[in-house]
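The chain below stands alone and is given as structure tokens, in the form predicted on its own.
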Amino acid sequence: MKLITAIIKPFQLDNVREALAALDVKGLTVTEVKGFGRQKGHTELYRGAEYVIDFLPKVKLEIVTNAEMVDSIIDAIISVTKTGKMGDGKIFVANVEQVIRIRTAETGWDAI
């Protein structure tokens, strides 16, 4: 099993959810996060004063899937979020050693 973690712009969430639903992805965890990468934040003007925004709002998606689905999920996320501009986001893929459903104590793929 694999854990796909994607950091995207918040307004892209609905597009990603629809793209993943088309792939029949069963589950998704969404967390509102803040951070920065190469952008290093930006400045905004509010009531005539300039403010530096160091941490930009992002959305973190976490998807546990089988290894066969990883490439199609990554392609789906990229296809709806890529603008070609800085700040489009990142995708990380990691191995998942074990999954346990708390309610039934099922393990492995049955717990997904």
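All residue numbers refer to positions in the sequence shown, first residue = 1. Predicted model only: the values in this text are computed from it and were never measured. Between two forms, the rigid core is the largest collection of C-alphas that superpose within 1.5 Å.
The same protein has a further form, the form predicted in complex with a further copy of the same chain, not shown here; the description that follows concerns it.
- Taking the partner from the other structure, a further copy of the same chain in the predicted bound form has a heavy atom within 4.5 Å of a heavy atom of residue 32.
- Taking the partner from the other structure, a further copy of the same chain in the predicted bound form has a heavy atom within 4.5 Å of a heavy atom of residue 54.
- Although the partner is absent here, residue 13 lies within 4.5 Å of a further copy of the same chain in the predicted bound form, judged by heavy atoms.
- Contact between residue 25 and a further copy of the same chain in the predicted bound form is found at the 4.5 Å heavy atom cutoff.
- When two forms of a protein are overlaid on their rigid core, residues whose CA moves 2 Å or more are considered shifted, and residue 104 is one of them between the shown form and the other one.
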